[in-house]
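Let's start with one chain on its own, the form predicted on its own, as structure tokens.
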Amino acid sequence: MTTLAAEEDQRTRSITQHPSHFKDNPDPEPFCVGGVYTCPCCSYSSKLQFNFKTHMSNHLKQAVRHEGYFICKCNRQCRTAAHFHCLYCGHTILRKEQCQLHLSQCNIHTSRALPSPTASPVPPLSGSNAGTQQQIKAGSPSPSPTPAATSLLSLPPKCPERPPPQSQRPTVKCRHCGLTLRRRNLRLHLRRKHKTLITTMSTSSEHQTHLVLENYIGGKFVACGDSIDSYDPSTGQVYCSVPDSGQDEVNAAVAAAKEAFPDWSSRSPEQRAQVLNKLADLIEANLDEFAQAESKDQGKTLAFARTVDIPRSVHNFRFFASSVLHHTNDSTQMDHMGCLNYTVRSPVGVAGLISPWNLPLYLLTWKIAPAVAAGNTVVAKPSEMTSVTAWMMCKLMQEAGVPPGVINIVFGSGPKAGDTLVGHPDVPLVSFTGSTATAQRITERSAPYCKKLSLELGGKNPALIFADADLEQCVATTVRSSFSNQGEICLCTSRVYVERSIYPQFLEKFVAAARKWKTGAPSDPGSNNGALISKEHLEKVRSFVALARSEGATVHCGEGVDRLELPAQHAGGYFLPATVLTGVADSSRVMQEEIFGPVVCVSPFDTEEEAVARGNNVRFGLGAVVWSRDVGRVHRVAGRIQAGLVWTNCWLIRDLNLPFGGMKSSGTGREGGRDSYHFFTEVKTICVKH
């Protein structure tokens, strides 16, 4: 046997056949450097010899021989259930099934024989190391270690996932007070000292805190056993862990909401409005942090989140806190019968609310605010892809005075948490914003209970541009209406019909403006668009562009034409530039289906009749835009367009008092001041005979 093989054989047998030699021969001095005893198998260290000897004894008791491998089970030190170290090269294998594969590929192993397990044991450590101990303490060069010492020092130097020494553990610096502390303690420090909501603050290292969200049920944060990874769309990296809630979590939330309903519904509208206004104030006070979280979570630009998403979320609470104070009831007199009739409205109960990922807090508060203002309690499920700002809002509930159980947030996927929520017998009404396919499933699940449904669904919105339109204003607004928020707004115009006499001029200006619509890092103030929500959605949008190209369409700018210049940290993000297509047939899927991305089709038309017919030639009917200086034409065309909301010579100007919703496959029901109040209440007619 070669010298090297003999050493390996000696090392293997010293570990596997003498696990207690530290008890029999207590001489740990070869492992003492500078007065600190360091374990050769993991990061454990101690200044106390007794503690070190106990550790090593326990360490070696766990050692077993497995086909040429040393298995380590020092859970407390390396935090993994079981792993293997190759006795030849020190490589770490995390699965037993991979051992033989590695053994066959190990370069060192293939050049030498496997250590014999039947060889005679190596004598344990003896007491002949006293001189060694004195030399080490004197600071003189240490002599060659004994064979047993060599066998231990030859073990792999570290175990996977072991905690680093105290002095090497990562630290962060609080951006508020400059205090340096352990990264895992940052969240507690911010919450106690600065009342800060989120822990992804600027740090002294490049590490970001990995958020772990929890459900908010009955006024408390409740952990969930299962979780879903949520990604930062601008980098493609995991950003946080979201609870993957199921039946147990939903049932607990519904039970908490049901228990809170009697007290909350008995409060006056003024008392409920006071709570909503306080919550709005708290969100506004933390607007910048909410905006940063929304941008990181959804991929949109920070500027859009600061100026649109979060301010509108604040306004939603304030608007419904005010409007609930001003609703009136109906009454009639029947003098010939001696009767007085009047109506009263009462809250329904537990409202199930499901919001989408494109405008996360904006649309979640658009549902929560009217529901609780009317006296209902709610169980809300945000999208599992954009849950952070909803979780942040939950942290403000107690300070705002929201009673436990009034607002419950359950995170998770649609097939698990969402399906359980809409099918729950104690949830009498459901408000949903999302895809038409999901709405069909909700309708089926709700039908056995005859639930009230409000469904705000997708759109394939047209813009009709006539020759007498203000071309400069029209181009600028149509670029914004087509590409804002990466085109991920249900009201974005994805089909643009232009009167033929101005079609070439409009197309030239529109393509030039689209090229200036910058797609880049969300934090860049110069970016107009950020990243799409997910890799899957990016591929879906790209597939529509590829389909159009295969059908003979022309891609004037954007996907496949213009190159994106992105910072290195965003190279893995889900970015797509503003894309303009022409030559797409009305029957194409590109014209008929909702793309929900920065892709728009431009086509010419000849007559008003043709424009209206082509504008209505889809199964959706959510929004539309008409551009013309002719007042008569504006009213005429707007009246004939099959859409729940029509803008003329503008886009996305909203009065929240008025109804919002779609026709055809774009949904059922309406949302707004009066309409939301009617949906979240039941009307009762009372007749009094006098």
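One-based numbering along the sequence shown. All values derive from a computational prediction rather than experimental measurement.
The form predicted in complex with a small molecule is left out here; the points below concern that form.
S.K.: Which of these stretches, 270-278, 352-360, 248-256, 611-619, has heavy atoms within 4.5 Å of the small molecule in the predicted complex?
M.R.: That would be stretch 352-360.
S.K.: Given that the small molecule is left out here, which of 646, 32, 652, 663 has a heavy atom within 4.5 Å of it in the predicted complex?
M.R.: When the small molecule is considered in the predicted complex, the option within 4.5 Å is 652.
S.K.: If you check 287, 396, 491, 566 against the small molecule in the predicted complex, which one has a heavy atom within 4.5 Å?
M.R.: Checking each option against the small molecule in the predicted complex, the one that comes within 4.5 Å is 491.
S.K.: Can residue 433 be called a contact residue for the small molecule in the predicted complex at 4.5 Å between heavy atoms?
M.R.: It does: once the small molecule is placed as it appears in the predicted complex, residue 433 has a heavy atom within 4.5 Å of it.
S.K.: Closest heavy atom of residue 312 to the small molecule in the predicted complex, within 4.5 Å or not?
M.R.: So residue 312 counts as contacting the small molecule.
S.K.: Give a yes/no on whether residue 232 approaches the small molecule to within 4.5 Å in the predicted complex, heavy atoms considered.
M.R.: Close contact is absent here: in the predicted complex, residue 232 is far from the small molecule, nothing within 4.5 Å, heavy atoms only.
S.K.: With the partner left out of view, is residue 456 within 4.5 angstroms of the small molecule in the predicted complex by any non-hydrogen atom?
M.R.: Heavy-atom contact with the small molecule at 4.5 Å: present for residue 456.
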